[in-house]
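Below, in structure tokens: the form predicted on its own, a single chain.
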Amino acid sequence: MEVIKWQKETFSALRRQGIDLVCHVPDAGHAKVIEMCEADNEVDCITCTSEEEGIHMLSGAWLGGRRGAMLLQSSGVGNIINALAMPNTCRIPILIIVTMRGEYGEFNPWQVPMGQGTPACLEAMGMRLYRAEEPTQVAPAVENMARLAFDSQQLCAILLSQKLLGAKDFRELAK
């Protein structure tokens, strides 16, 4: 799969905002941005064993003077809820980019509940949300939500809709 414009622009927006640490749990929706982070010698790209591990890394990085972002899938949002209590209480900025599942054209019924619950779960923890539905919305959202997070010490998330990413269809692979 070729890197497309919005993915390049997303990576560039992260770098313009001084983000030099990217934590992630492997995800096909973030794969190209992760590859760009791994290829940049000025970015520490950390593969986490769990999503909450990434939240703790970002918190520690901020306390050490760095800016970071977490890339995860909506199915992993439930794993970070308890971990968000510390940065929320201590006003540690957190920026996450969430690829949504359980929406437009979803084939896997197990993805639907967390996909539906993701916005409310994040908002309940004090996170500011922006939902990107179109490719042209992604990089500006990353840029502006990063500013909000780091300048105002807020928890911020960009939700990348499944319509934007394209629904997976494993029926084609089974043939």
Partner chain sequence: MIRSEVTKSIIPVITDELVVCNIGLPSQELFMHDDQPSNFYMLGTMGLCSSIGLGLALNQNAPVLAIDGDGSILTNFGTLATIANNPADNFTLLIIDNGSYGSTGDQPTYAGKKTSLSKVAKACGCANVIECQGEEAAEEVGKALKGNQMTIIVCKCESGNVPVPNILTHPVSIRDRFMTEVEARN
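Positions refer to the first chain, counted from 1. As the structure is a prediction and not an experimental result, all values here were calculated from the model.
The same protein has a further form, the form predicted in complex with the partner chain, not shown here; the description that follows concerns it.
Stretch 58 to 66 is the contacting one of 58 to 66, 102 to 110, 135 to 143, 34 to 42, since its residues have non-hydrogen atoms within 4.5 Å of the partner chain in the predicted complex. Interface membership of S12, defined by any non-hydrogen atom within 4.5 Å of the partner chain in the predicted complex, is ruled out.
Heavy atoms of I19 never reach within 4.5 Å of the partner chain in the predicted complex, leaving it off the interface. Within 4.5 Å of some heavy atom of the partner chain in the predicted complex lies at least one heavy atom of T47. For E123, no non-hydrogen atom is located within 4.5 Å of the partner chain in the predicted complex, even though that partner is not displayed. Annotated contacts: M127, R131 and A157 are all free of the partner chain in the predicted complex [non-hydrogen atom within 4.5 angstroms]. Contact annotation for 61 to 90: residues with any non-hydrogen atom within 4.5 angstroms of the partner chain in the predicted complex are A61, W62, L63, G64, R66, N82, A83, A85, M86, T89, C90, listed in sequence order.
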